[in-house]
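What follows is one chain in structure tokens, specifically the form predicted on its own.
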């Protein structure tokens, strides 16, 4: 090989595969990748610090109070069903940090490619008396597939225990590429393969879009609060109006990749004027995978 050829090899840009796996190795997430492939989910403990957890809980419960006209008590609530938290990215800058969590984005880029976008930041607020959440898949409007088109990071904002409304999952269900087909299969208490994921506040479970999961009933007063962050491939319609809500202040206080994640540089969604391909210049040709 000539000197010129050697120099050319050394100067080439890294491929997307090299970038994605480089991040996984840097963060020590190799085991998590194997778990996602084999089981359909993986837990990262201590993914966010407790000050962030506490702030997110405050913001979510403030929105719940605004929607319901009630003041929910995180530890002692026994007043029945409460509303969910929605469109949380635009409630407080703490959620801007959350959607860029390095552990989660590394795993999501492995699952969805580097051109993935944010679909929703949502909170399930589960109280005593709420029915268990049936087992389902999050790639719910699409044919189930491998690789997936949708994936979810479910952050525990309180300690998860079975009788406190813990996350429920069927390990290996991602391999089935089908949804539950009977009431017994979808019920977290009657499906013999369903297990609770018990974890401390600040932990996150990443699930592939074809993994069966749900939630157990909360059997004591208090609230089970989470932050469910959904990502999808760039050509799929997002659940919330993510791109439409972006402000210049948000872009100014975040790194350039934040605009990509929110779909600001996505040329899809155009009218008579046609697509604006200049929006994708920051991606580079290798980013669409």
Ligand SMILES: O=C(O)CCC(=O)C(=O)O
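Positions refer to the first chain, counted from 1. Rigid core here is just the name for the largest C-alpha set that superposes within 1.5 Å across the two forms. As the structure is a prediction and not an experimental result, all values here were calculated from the model.
Keep in mind that the form predicted in complex with this ligand is missing from the display, and what follows is about it.
Peer 1: Identify whether this ligand in the model of the complex is within 4.5 Å of every residue in the set 138, 214 and 228, based on non-hydrogen atoms.
Peer 2: Looking in the model of the complex, the three residues 138, 214 and 228 all sit within 4.5 Å of this ligand (heavy atoms).
Peer 1: Even though this ligand is not shown here, does residue 179 get within 4.5 Å of it in the model of the complex, heavy atoms only?
Peer 2: No, residue 179 stays farther than 4.5 Å from this ligand in the model of the complex.
Peer 1: Taking 4.5 angstroms as the cut-off for heavy atoms, does residue 124 touch this ligand in the model of the complex?
Peer 2: Yes, residue 124 sits close enough to this ligand in the model of the complex that at least one of its heavy atoms falls within 4.5 Å.
Peer 1: Closest heavy atom of residue 144 to this ligand in the model of the complex, within 4.5 Å or not?
Peer 2: Residue 144 lies outside the contact set for this ligand.
Peer 1: Is the gap between residue 112 and this ligand in the model of the complex 4.5 Å or less for some heavy atom pair?
Peer 2: No, no contact at 4.5 Å.
Peer 1: Going by heavy atom distances of 4.5 angstroms or less, which of 86, 133, 201, 94 would be at the interface with this ligand in the model of the complex?
Peer 2: Contact residue from the list: 133.
Peer 1: Of 197, 117, 152, 194, which residue is found within 4.5 angstroms of this ligand in the model of the complex when only non-hydrogen atoms are counted?
Peer 2: Exactly one listed residue reaches within 4.5 Å, namely 152.
Peer 1: Counting only heavy atoms and a 4.5 Å cutoff, which of 152 to 160, 76 to 84, 104 to 112, 184 to 192 contacts this ligand in the model of the complex?
Peer 2: Careful reading of the contacts points to 152 to 160.
Peer 1: At a 2 Å cut-off on C-alpha positions, does residue 140 qualify as shifted between the shown form and the other one after fitting the rigid core?
Peer 2: Residue 140 C-alpha, core-superposed: shift of 2 Å or more.
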